[in-house]
Structure formats: C-alpha cells, structure tokens
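This document starts with one chain, in the form predicted alone, laid out as structure tokens.
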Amino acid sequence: MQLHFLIDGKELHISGSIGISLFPNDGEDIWTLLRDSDIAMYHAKKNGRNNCEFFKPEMNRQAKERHSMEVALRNALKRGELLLHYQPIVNINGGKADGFEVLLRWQHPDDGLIYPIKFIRLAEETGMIIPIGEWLMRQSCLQIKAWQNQGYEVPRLAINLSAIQFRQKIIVENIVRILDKTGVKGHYLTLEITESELIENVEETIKTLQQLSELGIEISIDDFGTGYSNLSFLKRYQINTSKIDRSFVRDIPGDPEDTAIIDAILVMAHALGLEVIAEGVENEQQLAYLVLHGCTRFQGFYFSEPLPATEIEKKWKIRGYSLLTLIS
C-alpha cells in the first residue's frame, strides 16, 4: 500500500525506484558500487517504477550497448547512413498503386541494414526522433520532386509520425517550411499517426489536424484496432484513412477471432467514411477474404517488399504501376 502525504492541503503520492549493488560481488570500491546501483535503479524505473532491482552484469552490458548505439545513431544522421525504402499501397479498383509508405532504414557501417524496430525507441527516448523525423519528411519531399522532374505521376507518400513529433507545438510550422523549401504540395503527403496520439490534449489535436488538412495533407490512423478505437473521439477528427494492423491479417481467414475483428473494423471505418488499408497481406487467401468483405486497398509482401527508390524505378514505372505487374 502506497502512503500519501498532505502538503499545503494537497495530497501527494511518492514512490521509489531503488537500485542495489552488493559488495564484493558487484564491486570492491564505493565508486563501482554506486555506478552499478545507479544502473540497477534505471532498470527499476524501466520496469514500472516503485520497485527495486539488484545489479546484474547483464545490465552493464546492456547499458554499454545502448550508449554505443546512441552515439552511432547520432552520427548516422551526420554521415548519411539513414535511407528510405518505399512499399506500394495497392488499390484493387483499377489495379494501381495509389500510394507508397515511406519506411526508414539504417545502413550501419558494421552491422549492415538495421530496421526501425531496433532503434526507433532509442531515438524517441533520446530526442533524436525530432531531427530524424524532419530528415525523413524532407527526403520524402525531395524524392517526390525528383520523380516529378522525371515525368512520373507520383501518388501520395505516407509518412509515419511519432507521438513526440506530433505533440510538438511547431509541427505544422515545420511541415510548412519543408514543403516550401522543396516545392512540394501538401496533397502528396499522408501522415500516419496511432490511435493513442488522438486521446491526449483533444482540442489541440483537433486544431493540428485541421491545419494539416488545410494544407491538403491526409491523415491515416496506423495500426487501427490495436488501441482505443473510440468512436466518440474518431468522429471529431479530420481522419481520411485507417490501417488494419498486420497482427489481425496474419491468420485470416482461418482464425475466427481475427476475422471477426477485421469485419468490425471495416464496418466501423466505413460508417465513419474512412478509407481502409489492410497491412501485412502476404498470400492470396488473405487478399480474397479482405476483398470479399469490402476492403479495397492493400499493402504487404504479396504485392511488393519495401524497396529503395532506384529499385522502384527499375522494376516498375510509377505511371503504369499495375496490380498484375506487382503480383507477377
């Protein structure tokens, strides 16, 4: 039971996160013991706070690895090691790609190609997500411009926006600046945000989404169905598209729970007037089920893996991006 304190008539609750190191196993001098207990304390915070953790040598190794990756990630942006891949979003009506999702990759000089799952959380914790996010948006706009200059009919590019980026008070100002500098119109962009981002500071969120909509930018809810899916919130927002999370698509049509969830998501989204994109489509059975139940836009390895811009241009011409070409 957690005790509370009354200070100036206000009730305060205080919890403690404790790190413990033991002499002599964890160190033979005070400075080593303090360092190790400090590392253990951060693990206690990471594991939910209000608890204690004993130091383990594994914690020190993890701390060193985290520091090394943080330094390498900061240098990655300076050294041009970050790159973008593009995965087509295919519309079954007309059989063309009417968009691409922009996916971040890190070409590490020693470890090779690293996927975001390995470093995005670190980028968010260290604040690196802000300059990385701005770089990603600027490079996406530059790619749009490059394709336009080559005479291609460029569809929208969908860019994932982290919660930290979205909550910046100057997010709209930053996007306008990037659009102006690259000469790209907002209607070439879709910003993907998660459901959880919509429930914090509702009025400010509505204002931000309205400003983005006025720029011609579409808004897509990523991983739809994994969060709150709260109709009372969703109906207030300037939302254009919802994306069915791949975790629901993976086991259809064989899993009755997943099929029921997908059916409900499609009904809910269509009732709200939202376009729906199913992520993670990998086989013909998944595609057939989704088409039968009213989904018309898809993304996944069944059509194409994410590719660098040069490969997109080599394999298909954007103007003639047909469904038959994609699945052949």
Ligand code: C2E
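These numbers come from a predicted model, not from an experiment. The first residue of the shown sequence is 1; numbering continues from there.
A second form of this protein, the form predicted together with this ligand, is not displayed here; the remarks below concern that form.
The partner is absent here; in the predicted complex, the one residue of Ile219, Val172, Ile120, Leu77 having a heavy atom within 4.5 Å of this ligand is Ile120. A single residue from the set Leu161, Leu73, Leu212, Val184 has any heavy atom within 4.5 angstroms of this ligand in the predicted complex; that residue is Leu161.
Site residues Ser37, Pro57 and Arg61 are none of them in contact with this ligand in the predicted complex, judged by any heavy atom within 4.5 Å. The shortest heavy atom separation between Phe301 and this ligand in the predicted complex is within 4.5 Å. Heavy atoms of Thr208 never reach within 4.5 Å of this ligand in the predicted complex, leaving it off the interface. Although the partner is absent from this view, Gly280 contacts this ligand in the predicted complex, with a non-hydrogen atom inside 4.5 angstroms.
Although the partner is absent here, Glu195 is not a contact residue: none of its heavy atoms lies within 4.5 angstroms of this ligand in the predicted complex.
Only one listed stretch (142 to 150, 175 to 183, 112 to 120, 91 to 99) carries heavy atoms within 4.5 Å of this ligand in the predicted complex, and that stretch is 112 to 120. Of all the residues from 94 to 110, those having a non-hydrogen atom no more than 4.5 Å from this ligand in the predicted complex are Glu101, Val102, Leu103, Leu104, Arg105.
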